[in-house]
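Two forms of the same protein chain are encoded below as structure tokens; each is given separately, as structure 1 and structure 2.
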Structure 1
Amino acid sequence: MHAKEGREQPPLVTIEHVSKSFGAVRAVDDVSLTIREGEFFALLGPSGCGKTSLMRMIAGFGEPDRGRILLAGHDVTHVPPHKRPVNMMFQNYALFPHLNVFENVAFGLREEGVAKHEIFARVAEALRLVQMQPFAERKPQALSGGQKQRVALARAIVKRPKLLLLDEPLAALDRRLREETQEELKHLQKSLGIAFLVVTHDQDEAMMMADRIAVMQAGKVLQTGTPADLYERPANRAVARFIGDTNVIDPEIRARLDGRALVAADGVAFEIHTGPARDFSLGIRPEKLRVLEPQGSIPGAVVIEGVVEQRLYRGDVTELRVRTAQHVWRVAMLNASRQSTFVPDVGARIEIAFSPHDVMVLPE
């Protein structure tokens, strides 16, 4: 829903064909992106994919070798960082150790030359937003990881930037705190109305928080879209692999006609929509596979026979590895009830089934 609202907003940041190399390594390779006003945008990718380099260029640290960056319609490609209406929350927070919490948050306002009483009011307001007023006099060394994160956030938003950059904002927090903070960040972003750009390697984090996500690999953007787009309609094999678990299989193509194809997996044929793609593989999410009960059947489903090789109990789901004629399939069975209906044992011969509508076509 937010995504739909976001799409109607005018563009805030436009990145046009930006490239950047470090020595022989092309860190960012001809990237074009648009971030809209008020949007929560995530750059997702493994470490070294160029997402941090791209973000640093938006902040003004390092200029692109080629291409340009527009911010609210102005070309800021060569504007130094201190003159950009963009603030950043650094990965390890980069709190100034010689200044207390209040002075850390006031730093940017003092640089701007804001009047004393206004500094006081705005810092107090920012600290209130992140619930850190009681710690104003503390030095950063005396704060916990979560508290440091809040101070870093307050320091970045107190300047009322048009865009807030967050470099792996939750990487240093433990799991429980991370989940809480995800919700808080999302809430804060909506209430402030500032566009957020988060860089992360954690797909769950990106899916939870972002309105839109750009998946990056080896300096290139593979796909940009809402979390649901990326999960249900990945543009290619790499995105499907990176977001969620996927069974990726190379099908036997028996016939093609008008964007449709007759394919076969493990010898069982079915028909799918392929669009214009010539070379493709197929992806099926583990939770879209069903295990048929003995003598059970699902109308219209593709049914394949196999043997259970491994059974992993995960709490919410039980995951099976099923060996068929040509593949090993991962099947996720939801443990919806404590009297779970039917979970086959290791070694059992079973049938798995899926609907052709749930098959994702993944171009190379």
Structure 2
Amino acid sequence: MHAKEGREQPPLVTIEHVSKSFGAVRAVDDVSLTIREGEFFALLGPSGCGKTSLMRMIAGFGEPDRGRILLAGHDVTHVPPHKRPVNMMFQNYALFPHLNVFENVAFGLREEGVAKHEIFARVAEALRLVQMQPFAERKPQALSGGQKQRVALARAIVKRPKLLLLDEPLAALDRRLREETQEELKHLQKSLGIAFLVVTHDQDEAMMMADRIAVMQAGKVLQTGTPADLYERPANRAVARFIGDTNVIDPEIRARLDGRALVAADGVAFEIHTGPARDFSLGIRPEKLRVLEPQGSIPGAVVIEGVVEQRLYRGDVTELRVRTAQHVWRVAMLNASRQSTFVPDVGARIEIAFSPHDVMVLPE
């Protein structure tokens, strides 16, 4: 069962007001969040946002300056890594070049003094899960990048941690293999039933694999939610820009009344629900915009005139840049048929339309 379906799982990891500085740099700034048992959780953000520093503190490779970290209800803020029910898969895989695949996976169990028959059974099971049984006798130098990644994953899961930490685990793979491995990781995580925490700067990777995502910037968590929550209801402009593509505009506010506002974009007025927000931008995803065919109309839509400045064919969509009186809009037209459909040429004067219900209010 998907971790966010059914009854809510109890928290496995609780981060309470954690801060960490390196000299004058505040790497993690008053972060609080929870990770549930059996959940695939992602820390998503650009380089230097603090996501790896936070992960390393969860693993025990660093201590916060303030705040505390709980695992399964126990305070582990000052507990060393080897005494936490956590394992970490490093970005460079850190495989031993002189050991074959089987011995690389078995290494941690041998260090712990696990019985030989149990080592054999557990390593065989781990290799089966990552589909590396045929390569058990090979050395790391005889493996591809994707195969090394699977060995590192097997070595991490063979110790049966409550939480597996993955630091940019797919960064070294090409696009096709990365997409395949995303699906395999998600399937494996559900099969194992243990919590995964992945650190990534790749929004598509996070959206594909994670049950919930925490978006980080400058050491802070901007928003935590499901992929759909973050995409359809971003908390602010920064999240809207980081999760997917969006048109962000500063509207003219003409009137306010009881959580609603009359706003205008490019001189065209429409009403939206703003809630308590006073200062805000508006966001509209490119795929929510429609290009009207000549003499076409959409009931209830906001319609704005503009000129096509650029047309980009991207296979699944054709993307337009449309200049209007005050903005340049990105419009995504789905290429749903191989037959030619209405796609305006560069220089064409067109009308673009959107529903007020598809407008996102982005508090400042």
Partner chain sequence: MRVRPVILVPFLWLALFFLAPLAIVLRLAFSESAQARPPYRPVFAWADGWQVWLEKVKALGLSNFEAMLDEPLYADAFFSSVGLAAAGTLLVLLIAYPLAYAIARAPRDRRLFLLTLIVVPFWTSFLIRIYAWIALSKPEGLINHALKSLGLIDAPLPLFGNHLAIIIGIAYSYLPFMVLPLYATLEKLDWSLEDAARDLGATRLRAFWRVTFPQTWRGIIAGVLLVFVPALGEFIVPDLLGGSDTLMIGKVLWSEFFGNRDWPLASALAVMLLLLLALPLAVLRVLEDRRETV
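Residues are numbered by position in structure 1's sequence, first residue being 1. Computed from a predicted structure; not experimentally measured. Here the rigid core means the biggest group of C-alpha atoms that line up within 1.5 Å when the two forms are laid on top of each other.
Here the form predicted alone appears as structure 2, and structure 1 shows the other form of the same chain. Annotation: Cα of Val268 displaced by less than 2 Å between the two structures, core superposition.
Core-superposed comparison between the two structures: the Cα of Asn100 travels 2 Å or more.
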